[in-house]
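For reference, the chain that follows is the form predicted alone, supplied as C-alpha cells.
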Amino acid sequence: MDESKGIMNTGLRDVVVASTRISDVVSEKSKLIYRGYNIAELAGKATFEEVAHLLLHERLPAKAELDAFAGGLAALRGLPEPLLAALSTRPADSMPMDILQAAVAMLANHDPGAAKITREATLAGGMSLIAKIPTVVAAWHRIRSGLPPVPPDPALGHAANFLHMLAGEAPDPETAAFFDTCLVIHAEHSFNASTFTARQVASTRAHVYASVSAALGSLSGELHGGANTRVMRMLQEIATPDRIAPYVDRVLDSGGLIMGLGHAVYKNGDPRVLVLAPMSRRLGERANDTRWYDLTALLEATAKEAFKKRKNLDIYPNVDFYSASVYHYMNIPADLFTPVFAIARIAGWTAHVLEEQFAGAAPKPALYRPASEYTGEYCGPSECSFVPMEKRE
C-alpha cells in the first residue's frame, strides 16, 4: 500500500471488474462452479468435450449435439503445413510456452475469418484453437526430440488423442479417462490472471487469436503458470521420505514457499485436489511405483503440521500439488505441464472472450481502462520546466 496516496497496490484482488455467467469460485465453501454445475459433479462423469460445450454454449449437450461438437473438434485438429515447417526451424531448447504463444498468433494467419469480430467467427476461431493447441504442444515436443510429429487420430477423444500424439501410441483407457478428467477440472477458473488478460484484450475488439495469445503470455509467468512443474522438481530434489522434514524446516526458516501449498482464493482447500490425489495414488499403484504419490502425501502432512505449529495456520494443497505427480505418471515432460494447462483452459478463455464481446445482443462498447494515481515527483509546486540540453547539469 502507498500510504501517502491511500492506494492499495494488490493486483485488483477483491475488486469486482465485471459480471460473468461462466464460473464461480466459492472461496469459503471450497466450490468451483461451471455454468451452475459443481466441478465435483462434472469430474469423472462428463468428458472434456461435454464441458467445453457447456462453457461455450451454456448447456450440457444432448447426444447428437455432443457427437457434432466432438466431430467438429476432430476435424479441426490438424495443423497447417507452413506452421509445422515453422516449428521445425525453432531452437530445440526454446521454452514450450513461447512456442505455443507464437503458434497461436500464427494460426490467425490461416483463418480467413479471424478479423471478423462476430460471435460466429469468434466461436469458430475458438473451436479451432481448442482443437489445435493440443496438436501444437505434442508436435513441438516431437520436433524438439528429433521425432516426426504424430498426426491426430479422428477415432480418439480429445484427451486420448493428445497422449497419442505425444507418445506415438494410444494410451490405455484408464489413463486416457484420468487425463480427460484433468482437462475438465482445469478448463475454467473465473477471473485469474490469464483469463482477465484474455478478456482485457477482447474488450478492445481484438480477435480471439490475439486474446488467447495474450492469455498464454500471462500464463507463462511463474507467478501464474508453472507451479506444478516446480512441484515436480521439488519432489525430485527431495527424492526420499527422510528428507521431507528437513526440507520443510529449511524452507520455512528461510521464509520461502513450499510449491503447491496455499491458494489465493480458496480458504479451506482446493476442491480439485480431491479429484487429483486419488488419481495420483492409482497411477502410482498401476506403475508399481508409488513413490511420487507417497512423497507428495507425506510432504502435505508434514508441511501442514509445521505451518500449524510454527504459524498457527491451516494450509492446504492447491491444484498444482497433486497434478505434478499425475502428469509425471502419464509420462508428460515437466516443462509441458503449463502448456497442458492451456490445452484445458482454452475452453474457458474462449467462453470469456465470447462473453466479453457478445454478452448482449450487440458487441460490448466498453473496453477496460482502469484508473491509476500518479505518485511520481513534481519540480516544486507545479510541473517541471523543460531545460535545454546545453543548460542541463
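Here, rigid core means the biggest group of C-alpha atoms that superpose within 1.5 Å across both forms. What you are looking at is a predicted structure, and each value in this text was computed from that prediction instead of being measured. So that there is no doubt, residue numbering starts at 1 and follows the sequence shown.
Absent from the display: the form predicted together with another copy of the chain. The rest refers to it.
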Task: Three-residue site S27, G126 and A303 fully in contact with another copy of the chain in the model of the complex at 4.5 Å by heavy atom - done: no
TODO: Could you tell me which of 68 to 76, 102 to 110, 167 to 175, 313 to 321 sits within 4.5 Å of another copy of the chain in the model of the complex, going by non-hydrogen atoms?
DONE: 102 to 110
Open item on the list: Just to confirm, with a 4.5 Å cut-off on non-hydrogen atoms, which of A245, A85, A155, L274 contacts another copy of the chain in the model of the complex?
Closed with: A85
TODO: Using heavy atoms only and a 4.5 Å cut-off, determine which of Q236, S94, N268, T118 is in contact with another copy of the chain in the model of the complex.
DONE: S94
Task: another copy of the chain contact in the model of the complex: I33, any heavy atom under 4.5 Å - done: yes
- [ ] Examine A114 and determine whether its closest non-hydrogen atom to another copy of the chain in the model of the complex is within 4.5 angstroms.
- [x] yes
TODO: Indicate whether another copy of the chain has at least one heavy atom within 4.5 Å of a heavy atom of R144 in the model of the complex.
DONE: no
Open item on the list: Can you work out whether L223 and another copy of the chain are in contact in the model of the complex, taking contact to mean some heavy atom pair no more than 4.5 Å apart?
Closed with: yes
Task: Sequence-ordered list of residues in 174 to 192 near another copy of the chain in the model of the complex, where near means a heavy atom within 4.5 Å - done: H189, S190, F191, N192
- [ ] Return yes or no for S382: a CA shift of at least 2 Å between this form and the one not shown, with the rigid core superposed?
- [x] yes
